[in-house]
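Just one chain is shown here, as structure tokens, and it is the form predicted alone.
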């Protein structure tokens, strides 16, 4: 940042439950620093942070975005680089991206609503990254809001190390700054507690404190900064952003306590710190990519060390290619300004890079640094996606690639079992936003629908199959006869096929054709036309004709003998079973458990986590395609869940009969 030393740069992300006031606080901070000439508002669609059409329409943050400005305190300029993040659970992947690009985090808790699922999830994210964090108690201007009750709940859930550094005044006309040089009478006890925390970080300070001497403001801030870095101290600020209450005190606290990139340098894939000084070799981390409708691909780079210059030719260490660092931009919402240089802590957008993707490392020539790969939660919703018209279908691949580039928690795959293109993600709102984006940016309209369940078929007993393929049409005919045994394949047996023929009743040169017939037959089982899995097939007898036998004849005989054998070996349908982890407040436990039983789910365990109940269950995927929306409705948005594939299991017979009947009906319609 121009004219600001790296030691005076502060980078942090704002996290929290949806509607906890993150975007409102960002707008207040930008206004206070003079980045914006007025304080934006989500309600009036003038927010500098939520500026996209999707965000204005839904009045929620969808994309993580970085902002920067300069704040002067105590005669020094401080660079403030901050990220706004979504609170809506569908977009938690954006929180993961943002926390990889900053040194610290600020978790917002609304004083009216208190701790919610998103609050705890944000806190856990910072804990997992061992990231220094602060708390802002927001919404103090709302009716029935209580700073004291909220602070008590925070300390009960997250620990006594969460201590206030600003306290709202009784008339809500201001806040008392406990870190200030002059302590007010009503904050004496709180300041003493902070001095105790600060003193514990330094032998000289502890001696002074035990001697009954007061720490100076500088000593207090120095000690608290050390404790903050070690996560043994979590400062709690009071704010009411719409009324500009506590904003100055928050900025002052950030300058005093939060670390600079020199204090907490970024670490590489091996966990080693990256040299952050401006004289060090340049190292940058790509934490976000955006398809801008006017500028094309924008690559957002967090400078980890060294100096990025507009004429620098960097190496993409991840992909082993070179990139020219031209067209560097400082982006604040819709405002963009060209920058010539950037140092550690700065986030800049680079246009027109050739082959740089999310998570890549850009380095000066001769420097080899890589970063740990990103890890996102499993998808919890799957939808089949097709173009609305044939013209849309022709362009759907490009449109899907663009939206998945913008949001790495969206996944697109082709299910080879059901022959559908599947779009999956973290929730129905996320998929709805993706559909809107495809229409707006790629002029592609798509239709989402519940995908087919990828059922499979197998056998539960041993059976024998036989088929003689004999065809005479004049001239050379077709002849091949196969006898086989089929049974469930043991888990420790890697071989599914066995040639047990003796005496040359089937020449060895026809055995590959028989095996091909089995492979082809296993793509469509005899029950519902689903792929066959976990079977062991042994060919033990057969016959051939010197003239009429051929590879095609034995291939047909093998496929039909397989079908015959499967029908005699007690075939069953298999369905995917998912492991589900559901987090809900206590009052929704009964509803959620009852709903799970209706979905053929089975609760396998329960545990408590931060005042919420966690239900561990298993449920068929067929019953869980729409669970994210239904859980949100059931819990008023206070429940969340994660889901992953566990195994395949047998479909109950009453349900299997319906599936088989539907498959037979569909096959008949295709034949007609």
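Positions refer to the first chain, counted from 1. Please read these numbers as outputs of a predicted model, since none were measured by experiment.
Below, we turn to the form predicted together with a small molecule, even though it does not appear here.
By the criterion of a heavy atom within 4.5 Å, residue 61 is counted among the residues contacting the small molecule in the model of the complex. Taking non-hydrogen atoms only, residue 42 approaches the small molecule to within 4.5 angstroms in the model of the complex. At a distance threshold of 4.5 angstroms between non-hydrogen atoms, residue 138 is in contact with the small molecule in the model of the complex. In the model of the complex, at least one heavy atom of residue 242 sits within 4.5 Å of the small molecule. The stretch that touches the small molecule in the model of the complex, counting heavy atoms within 4.5 Å, is 234 to 242, out of 272 to 280, 571 to 579, 172 to 180, 234 to 242.
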